[in-house]
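Consider the single chain below, provided in structure tokens and representing the form predicted on its own.
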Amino acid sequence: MGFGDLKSASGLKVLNGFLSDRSYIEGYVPSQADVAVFDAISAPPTADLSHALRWFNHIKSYQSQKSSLPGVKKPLGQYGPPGVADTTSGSAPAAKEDDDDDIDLFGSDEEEDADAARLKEERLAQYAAKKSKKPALIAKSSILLDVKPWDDETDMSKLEECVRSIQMDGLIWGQSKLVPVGYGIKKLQIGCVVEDDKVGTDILEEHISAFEDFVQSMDVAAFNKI
């Protein structure tokens, strides 16, 4: 498993394909898996890699709280599609064999300045390319939620009213129905369409669970890219 070299265009292309049908590296919420992959990337994906760029910007918004995201950070080789090895390197390329006797472990100021200038030029070129192109299509997902009440005496009409009262940019509620779960208890099954950059399942769960007088729990029954 892996993405190849995430510091190269080919590695970011693999990442883009991997994210074409999912919002996160693992699961349905941001986690340490996303942090591990995000930290390995040296520059934002270009605009033509819309899935990777959407994910990059979304995870970037969690930078102030990334240490508190769930999960345990693992080696990059444990993420990504099967059949692709991780070749991302966090260190500078090794010196040529002919120069082994003259290796400078700390490098020179001229080399550091040249690398910094090159990186700046690359990022400016990527930014210019992004601005010159039409805006990428908005990535959306269709989500089916199961909202469970406390018992058979819970007012399900009121529960649904509470759920639909949640309004935010990038969220559209769809059809719903009551599904029996046993002992006279029914759960609310409701669909919605979200813009991936604006609304995630973690935000929906936080808002829905806030109606604690009616809601026992919320689960994601289905999640599909549109």
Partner chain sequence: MALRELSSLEKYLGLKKPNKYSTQGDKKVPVLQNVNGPPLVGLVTVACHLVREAKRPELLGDCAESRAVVQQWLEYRVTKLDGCTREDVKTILKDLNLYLQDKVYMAGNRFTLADTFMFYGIHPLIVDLAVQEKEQYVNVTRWFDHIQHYPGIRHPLPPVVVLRNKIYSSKHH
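Since the structure is predicted, the reported quantities are computational estimates derived from the model, not experimental observations. Residue numbers count along the first chain shown, from 1.
We do not show the form predicted in complex with its partner chain, though everything after this point is about it.
Chemist: So, in the predicted bound form, is F214 in contact with its partner chain at a 4.5 angstroms heavy atom limit?
Modeler: Result no; F214 lies far from its partner chain in the predicted bound form.
Chemist: Considering non-hydrogen atoms and a 4.5 Å limit, does its partner chain approach R22 in the predicted bound form?
Modeler: Taking the distances in the predicted bound form, the answer for R22 is yes, it comes within 4.5 Å of its partner chain.
Chemist: Hey, in the predicted bound form, does K225 get a heavy atom within 4.5 angstroms of its partner chain?
Modeler: Flag for K225 set to yes.
Chemist: Contact with its partner chain in the predicted bound form for S61, defined as at least one heavy atom pair within 4.5 Å: yes or no?
Modeler: Residue-level check for S61: yes, a contact with its partner chain.
Chemist: Looking at Q189, Q32, S42, S50 here, can you tell me which has any non-hydrogen atom within 4.5 angstroms of its partner chain in the predicted bound form?
Modeler: Result of the distance check: S50.
Chemist: Can you pick the one in N57, S165, Q175, S68 that has a heavy atom within 4.5 Å of its partner chain in the predicted bound form?
Modeler: Contact residue from the list: N57.
Chemist: Only one of these stretches, 24-32, 154-162, 181-189, 167-175, has heavy atoms within 4.5 Å of its partner chain in the predicted bound form; which one is it?
Modeler: Of the stretches listed, the one contacting the partner is 24-32.
Chemist: If you look in the predicted bound form, which residues in 199-219 sit within 4.5 Å of its partner chain (heavy atoms)?
Modeler: Heavy-atom contacts to its partner chain in the predicted bound form: only D202.
Chemist: Kindly indicate if, in the predicted bound form, the C-alpha atoms of P81 and D197 are closer or farther apart than in the structure shown, bearing in mind the change is 3 Å or more.
Modeler: Closer together, by at least 3 Å.
Chemist: Looking in the predicted bound form, decide if the C-alpha atoms of K198 and P81 are closer or farther than in the form shown; they differ by 3 Å or more.
Modeler: Closer together, by at least 3 Å.
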